[in-house]
Structure formats: structure tokens, C-alpha cells
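Single chain ahead, written as C-alpha cells, the form predicted alone.
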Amino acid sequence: MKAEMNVIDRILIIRLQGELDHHSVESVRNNIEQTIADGNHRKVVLSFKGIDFMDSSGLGLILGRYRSISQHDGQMVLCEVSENLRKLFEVSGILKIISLYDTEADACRALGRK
């Protein structure tokens, strides 16, 4: 599991790659939390383009980061989700609270990138 992180126009873009499961979620979560805290990031895009598999611990990762960012008046959106993940997100209710965009560019525009 890998999380590539870049900042573009004050938006933290996190590109997840590999399998997001209970074996990998803790290190990814810690890495993301540290990056958010170090950069005082308030706008975050989570890209799932490179995710091969995700279990319920991945849902916890998403919800936890969403809560932490929201508590600091920030925004988080999701993008580039496969059809299987989209179904998982719909069933879990995540899409009722977190917006989903087809592309990373669309997600960044939604957060105010020009």
C-alpha cells in the first residue's frame, strides 16, 4: 500500500495505490495525519485510482480523515473511484456526507482550484 501526496494550489492530493486493508491502514492513516498536521492542510482530495482492493478498515480511514479535517473547518472529497468501490461507498453511506468526483481535476475545482 502506498500513498503518494502532493500539494497543488494549497490542496493536498493523496493518491492511494495498492490494497487498502487492515494490514496497511494504520501506516497509511498515520502518514496522512502527519502530512495534514505538518502542512496545516484544510482541503484534501483522496484519489482511489490506484486501489485494487479495499475492506471496511478503508472506510474507517476515510471517515476518520473526514472527521478530523471537518473539525478544523476543512473540506475533503473523493475521486477516481472504481465501480466496485462506488457501490461500497453507496452502501456504507459515505457518499451522503463526502462528495465524489470522476477526476482529480474535477475534485480540485470543487475545492476552489482554478
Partner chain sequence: MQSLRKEVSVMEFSEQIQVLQQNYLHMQFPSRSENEGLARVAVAAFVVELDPTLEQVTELKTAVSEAVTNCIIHGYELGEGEIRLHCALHEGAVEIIVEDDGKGIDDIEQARLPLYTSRPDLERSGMGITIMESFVDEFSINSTPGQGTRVYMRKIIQRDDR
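Numbering follows the first chain given and starts at 1. Small disclaimer: the values here were computed from a predicted structure and weren't measured.
Same protein, other form: the form predicted in complex with its partner chain, not shown, and the subject of what follows.
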For the three residues 19, 56 and 87, verify that every one has a non-hydrogen atom within 4.5 Å of its partner chain in the model of the complex; reply yes or no. yes
Can you work out whether residue 29 and its partner chain are in contact in the model of the complex, taking contact to mean some heavy atom pair no more than 4.5 Å apart? yes
Just to confirm, residue 103 within 4.5 Å of its partner chain in the model of the complex by heavy atoms? no
With the partner left out of view, is residue 61 within 4.5 angstroms of its partner chain in the model of the complex by any non-hydrogen atom? yes
Does at least one non-hydrogen atom of residue 96 fall within 4.5 angstroms of its partner chain in the model of the complex? no
Sequence-ordered residues of 91-106 touching its partner chain in the model of the complex, heavy atom within 4.5 Å: 91, 92
